[in-house]
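Taking the form predicted on its own, here's one chain by itself in structure tokens.
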């Protein structure tokens, strides 16, 4: 976890916070740092900032630091943070909105977060749900890290966590409709970027696609 320190580019006019609020529809100004989201975050140990820190940085207008952070890409949108928030902030939706902004501004972190996200979204578009084995295989081929995490993958397979065959949802056409709407509403983004945009799902938070 990183400390928010050093020379920072601060948006004193609050434009960044306003933009995040507009994109996500979330009342981020209500966050008073109780840190319940951080204490329940399943991936907190792998992030550079905790969810409450991201919200505070948005409030402070630390645009570049937030959009370059690893935390927004490691977020798995499990909704634990939003469920624990006493102020009703859907933090997963905020994270998705921040991913959109990072991609649009070409500030995505140079690790593998955006690539994995693209693999994930491609899987959702094809089948309506994620087939973990297929996503993992494509990701490994793209990153040339075929044997990385092999031991962990084998243990998960033995426990039945990686079924070899995936399954499609019913009414697949509704998934395509969601993606088409996201593509149509993309503001100046390419088709590739639009497919990557988490906003395809951001608009569906809580709607049970």
Partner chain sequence: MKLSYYPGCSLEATAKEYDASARTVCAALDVELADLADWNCCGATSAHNLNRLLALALPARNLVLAENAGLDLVTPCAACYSRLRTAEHTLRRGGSAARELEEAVGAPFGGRVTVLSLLEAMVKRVGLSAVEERVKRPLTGLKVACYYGCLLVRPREVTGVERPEDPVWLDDLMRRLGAEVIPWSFKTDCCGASQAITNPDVSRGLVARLLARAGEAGADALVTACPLCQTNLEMQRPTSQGAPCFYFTELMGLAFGLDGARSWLGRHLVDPFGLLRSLSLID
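Throughout, rigid core stands for the largest set of C-alpha atoms superposing within 1.5 Å between the two forms. Note that the structure is predicted; figures quoted are calculated from it, not measured. Residue numbers count along the first chain shown, from 1.
The protein also exists as the form predicted in complex with its partner chain; that form is not presented, and the subsequent description refers to it.
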- Message: Against its partner chain in the model of the complex, would residue 83 count as a contact residue? Criterion: heavy atoms within 4.5 Å.
- Response: yes
- Message: Within 4.5 Å, heavy atoms only: does residue 112 come near its partner chain in the model of the complex?
- Response: yes
- Message: When the contact criterion is heavy atoms within 4.5 Å, does residue 130 count as touching its partner chain in the model of the complex?
- Response: yes
- Message: With the partner left out here, check for me: in the model of the complex, does some heavy atom of residue 175 sit within 4.5 Å of its partner chain?
- Response: yes
- Message: Let me test this: is every residue among 50, 55 and 144 within 4.5 Å of its partner chain in the model of the complex, going by heavy atom positions?
- Response: no
- Query: From first to last in sequence, which residues of 70-97 have any non-hydrogen atom within 4.5 angstroms of its partner chain in the model of the complex?
  - Reply: 70, 73, 74, 75, 76, 77, 78, 79, 80, 83, 84, 96
- Core-aligned C-alpha movement of residue 120 between this form and the one not shown reaching 2 Å: yes
- Query: Any CA movement of 2 Å or more for residue 83 between this form and the one not shown, core superposed?
  - Reply: no
- Query: Aligning on the rigid core, do we see the C-alpha of residue 135 shift 2 angstroms or more between this form and the one not shown?
  - Reply: yes
